[in-house]
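Shown next are two forms of a single protein chain, provided one at a time as structure tokens under the names structure 1 and structure 2.
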Structure 1
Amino acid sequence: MTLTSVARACALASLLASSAFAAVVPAGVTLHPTQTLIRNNGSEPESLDPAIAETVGANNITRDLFEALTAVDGDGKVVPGVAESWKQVDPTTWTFKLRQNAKWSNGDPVTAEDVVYGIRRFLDPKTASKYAATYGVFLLHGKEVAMGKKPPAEAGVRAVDKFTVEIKTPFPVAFLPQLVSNNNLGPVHKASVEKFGKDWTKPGNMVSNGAYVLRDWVVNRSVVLEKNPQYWDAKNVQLTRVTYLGVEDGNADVKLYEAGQNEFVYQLPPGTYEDMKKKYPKEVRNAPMLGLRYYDFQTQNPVFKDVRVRKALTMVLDRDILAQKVTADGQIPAYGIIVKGMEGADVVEYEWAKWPMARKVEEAKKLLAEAGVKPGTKYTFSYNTSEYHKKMAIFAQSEWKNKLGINLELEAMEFKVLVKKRHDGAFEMARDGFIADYNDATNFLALIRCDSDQNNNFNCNKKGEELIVQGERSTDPAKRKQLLTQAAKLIMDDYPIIPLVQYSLPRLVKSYVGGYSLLNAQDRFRSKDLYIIKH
């Protein structure tokens, strides 16, 4: 790392550290006397243990209960969490200075040892966290610890003193501050985990350090949180009580909302977006997310071994019609692996993206003819049963039939069956989708990298892989970005997947709920950033 880049990193860190803290109510807004919110979370959390939490729903709650080294504010920006500042001392070493006024809900101070314990526990095979290896790779010896090849104490994290944590990475991880905003890598209260064992996440037992504490939890009914008076920033926390519902059925969700029993619909049911926009113009909120809906080709399957076939099929799907008429819920057409808003690489679209459709069809027909694929050829498409996926699949089916004479057999199945098929490569074409775990291009590139456990297309572009590795090792952000962008372009020219649309999340939120930002591309709305406006 050059001196200038160290200086730049330090400057960035101090800039972040000084940026505004959340839940500051804008001037002119009068708060409602009762600050409570009922928000549906889309599903019952699988766990409230931050080391185990895996789904969006569980993480929404653990993010309120626990605070990691850093946090992501309402606008999706990295802000200080338990750490009030951080710096990259050398390309692979970071130190995080903890704030001395951070406390656990029982009054204990949050110390560097708590962070070290939390991270070691997360990586420990005994905890059996599904994300241990995913995030572990970014910590020195993290992966080996997760695999049981080294003891947890050897993971690249240590307490320098009571309030300083040092993290070592195996290669330069430019987005480490963003990564450690995930609660999997956050502090845990050792004494209560050891005292209560598996039951430490139950109401009455849990000791947490976030803006909220756990008051009540009834499976499939609700998780009730109350404001944590011990929280260091409690004066800026407006909501005193947050009730998370676990309603899965989209229609039931909307009905509860309309009856006033829910103030935050998790996601509008398919096909209702336009109607809801008319009915509740001020309450429909729809933000683009760092997520991509795409289809996988099984590139090792003989029928899709030829890149010309994959390219032809990718070209002719009209993303504009798909986004505007088929899914019709504000999603954004996508022509590449990197979605808008993603940091660490530029959005690269296929050069044919802007061509008129007639030209695309002509080119696609030519490619198919060259590859020896005759009209009437049949492919099988696997997807998990859902109205939404079915609509998209029928659209693709009609596009390929009408434009290229290709027949598509749709095969619906349970979700678990689909993921098994995808992982085993036992398919021709399959539905897929991904939502970012952290805002960096490498998170998305994992979908198309060689030997990645998220690569469901079984394509491996050696040159592209090399560029990614080079990019990951680079300490110069501009150089890194250029390498990763180049890699994305190169691999996507293999047409391993069909990018379709970038996710957006249409939901209903009562007009009196303030602090809901449409810039929050990871859909991480901490309750501490929200407040109830007088109504």
Structure 2
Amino acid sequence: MTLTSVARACALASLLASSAFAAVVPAGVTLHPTQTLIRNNGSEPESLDPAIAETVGANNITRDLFEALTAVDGDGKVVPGVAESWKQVDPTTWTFKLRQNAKWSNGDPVTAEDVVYGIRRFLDPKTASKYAATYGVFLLHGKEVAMGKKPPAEAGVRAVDKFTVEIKTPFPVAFLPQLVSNNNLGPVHKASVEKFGKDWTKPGNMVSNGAYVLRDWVVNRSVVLEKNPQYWDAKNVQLTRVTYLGVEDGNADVKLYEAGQNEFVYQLPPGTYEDMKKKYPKEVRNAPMLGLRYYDFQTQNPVFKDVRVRKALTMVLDRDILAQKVTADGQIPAYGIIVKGMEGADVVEYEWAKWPMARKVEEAKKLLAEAGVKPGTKYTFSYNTSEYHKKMAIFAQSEWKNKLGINLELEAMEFKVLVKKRHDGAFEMARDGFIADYNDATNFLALIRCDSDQNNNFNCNKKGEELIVQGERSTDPAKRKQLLTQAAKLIMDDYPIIPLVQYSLPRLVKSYVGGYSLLNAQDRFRSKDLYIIKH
């Protein structure tokens, strides 16, 4: 980052810190006397511990329970969170000023030491967070702490005074205010963690600092939150109760919606979008997102160690048919790791992306023959129980069978089982997806770089890794972008994953739910930004 860039970043920080961030009910809108919402979350959360939460579903809930240094509002903009302002002191040092009226749900003040404790605990290998190394690379000594090579106390975070947090980075990180909107890097109430141990996230034990408190949690059914009267902005929080359902099946989700037992569908089943637009024109919501649907290869599994096999399978999936006929909900074909709208690197597609399918199939057959893979070979594909993912998997199964003679055995399971299976490497091929945590190419590159805890394909391209490291340390934004783009292309030539389509999330939301914006490319809808209109 150049000095000019630093100045721009500081100005941006000041601008953001002065922005309005409370939930806004437009003039003329009359609120309903009952402010409650039932929203499906797509799956059972793997944890409500903000340090451990990894999936979209778990983070949706922890984002209501906890507030990080910054936050993302309903339009997807970075706004102040528990920190009311921040400043970049020098290229690698930031300070965050906490609100002096921020409290925990038990009335304790939220202090800088709570943030320091939360970040050190998150990075500590004893916590076993699957994001520790991913975010740790952006904190001074953070990666070394996450890998157990340094103690947590050496991470680049400290309390300057009771309400000031200093974060040091190993190189300029212009997007740090975005990064610390993620609750993994937020405060945690040390006393309750130490008192209850692993049970501190249970109802009655949890002490949180967000707009809501945990009232009830019935595993595989629902999580119920209630408004936190101690929250610093409680007067602008309209919803008094939010019930998160954990329904994975899209058809069941829609049936609950139509029966009035759900007001916020997680995701429409594939192929239903057009019909739903006609049936519920005022309730269907859909917008492009910074997200990628993809399949992982377990590249260390003997059946997928040969890059020619991975390339052949990647080439012949017809993304146009997948997007237009199978999902049929406005998503766009993807042929690379970087999605459209992502900053910090260019979108790079495979050179064969525009080839006629017949040429792709011919080349894929040649690659398989060279690798010694014969028609009739069988692979196993793991996915979570969802009509959406099942339909996509059946499409892939058909493509590989008809074009290459490859058999695919489908293996369905609960989402949290799939998540663990992917991290353990206990699969051959697996369904995966990623929605941006912050808008920078390093976020998606974490899926394919060495030593990343978000790398589920276990591929490591040393040259690509070196380019990423060079890019991260570059103070020239143009050079940084060039290096990260080059790294993305080089690593993707290893074919560690199969990019399929760029996300959109078509869903049904009752017309009386206010505050829902189509500008939110990260699909982050804090319940504090929503309200119920009189109906």
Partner chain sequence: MWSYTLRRLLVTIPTLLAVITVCYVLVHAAPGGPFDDERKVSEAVLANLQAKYHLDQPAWKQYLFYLNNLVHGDLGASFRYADWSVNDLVAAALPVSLTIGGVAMLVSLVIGVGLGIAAALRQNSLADHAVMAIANVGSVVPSFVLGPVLILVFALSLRWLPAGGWDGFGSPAYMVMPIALLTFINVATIGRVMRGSLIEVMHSNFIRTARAKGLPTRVVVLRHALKPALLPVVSLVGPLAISSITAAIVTETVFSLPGIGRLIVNGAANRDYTLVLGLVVLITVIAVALNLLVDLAYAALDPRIRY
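Quick caveat: nothing in here was measured; it's all calculated off a predicted structure. So that the term is clear: the rigid core is the largest set of C-alpha atoms that superpose within 1.5 Å between two forms. Structure 1's sequence is the ruler for residue numbers, which start at 1.
> Given the two isolated forms of this chain, which one is the form predicted in complex with its partner chain?
Replying inline: It is the first structure that is the form predicted in complex with its partner chain.
>> Treating the motion between structures 1 and 2 as two rigid bodies, with each C-alpha assigned to whichever superposition fits it better, do residue 433 and residue 455 fall in the same part?
In response: In the two-part motion between structures 1 and 2, residue 433 and residue 455 are assigned to the same rigid part.
> Based on C-alpha superpositions, what is the rotation angle in degrees of the smaller rigid part between structures 1 and 2?
Replying inline: Comparing the two forms, the minor rigid body swings through 28 degrees.
>> If the core is used for the superposition, what shift in Å does the C-alpha of residue 373 show between structures 1 and 2?
In response: Its C-alpha position differs by 15.6 Å.
> Core superposed, what is the CA shift for residue 341 between structures 1 and 2, in angstrom?
Replying inline: That residue's C-alpha is offset by 3.1 Å.
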